[in-house]
Ligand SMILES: Nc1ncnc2c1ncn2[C@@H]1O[C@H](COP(=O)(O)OP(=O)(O)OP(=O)(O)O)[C@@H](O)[C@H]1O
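One chain comes next, on its own, written out as structure tokens in the form predicted alone.
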């Protein structure tokens, strides 16, 4: 298992946002978190990435207990996330947006960059080559010199995915990545997600489009009041009438 949550709970004042939540994510799979609004899906993302600290329970990533590991250190361990709203740097080009997401040992140590200029140039050359390949992969190579703010909404969604790929993260947490996409862009997104799992990526996704997650996910985790009520293959979860009633408010 690449990710394991054991009895995670989180309270905000009188609101129990997450309650004794446990589930696992297998390496190389797509796992979808589904459930009605307020089920705790985004809060769980924040707990996994370290933006929030759980009141109780533990989180393991690649076999390591990361419950108390700082948020930025979790990125270095190999996880990256997107957000519901598009957070591209609109006044920078597509190329610049993605290059900034590349790991850089020299950017974190200005002194090291001064004493090893050759290594800095080598790293920059490597990152530019990698970014060109990523933009080609997501279909934005012809937009590399365009300002991110001038991209269409669907293109900005692809740019955010490109930024995540540039981090070299093994686990990608995608928060409603398909919201607002037209049918053509949605189809491209589905193809990319399935292809990523063939390239050693693991996907944890929050998405309200049930038909979409049924198509792309290997497992669903159904959340209600912050608790994982059920997990299993999409068709198994979809057959559960009690869960359908909760989700659709019957």
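All values reported here derive from a predicted model rather than from experimental measurement. Positions refer to the first chain, counted from 1.
There is another form of the same protein, the form predicted in complex with the named molecule; it is not shown, and what comes next is about it.
Per the 4.5 Å heavy atom criterion, the named molecule in the predicted bound form is contacted by stretch 34 to 42, the sole one of 179 to 187, 58 to 66, 194 to 202, 34 to 42. In the predicted bound form, every residue of the candidate spot (12, 15 and 84) has a heavy atom lying within 4.5 Å of the named molecule. Contact check for residue 29: every heavy atom lies farther than 4.5 Å from the named molecule in the predicted bound form. Taking the partner from elsewhere, residue 219 is found to have every heavy atom lying beyond 4.5 Å of the named molecule in the predicted bound form.
Taking a 4.5 Å heavy atom cutoff to the named molecule in the predicted bound form, the one contacting residue in 195 to 223 is 208.
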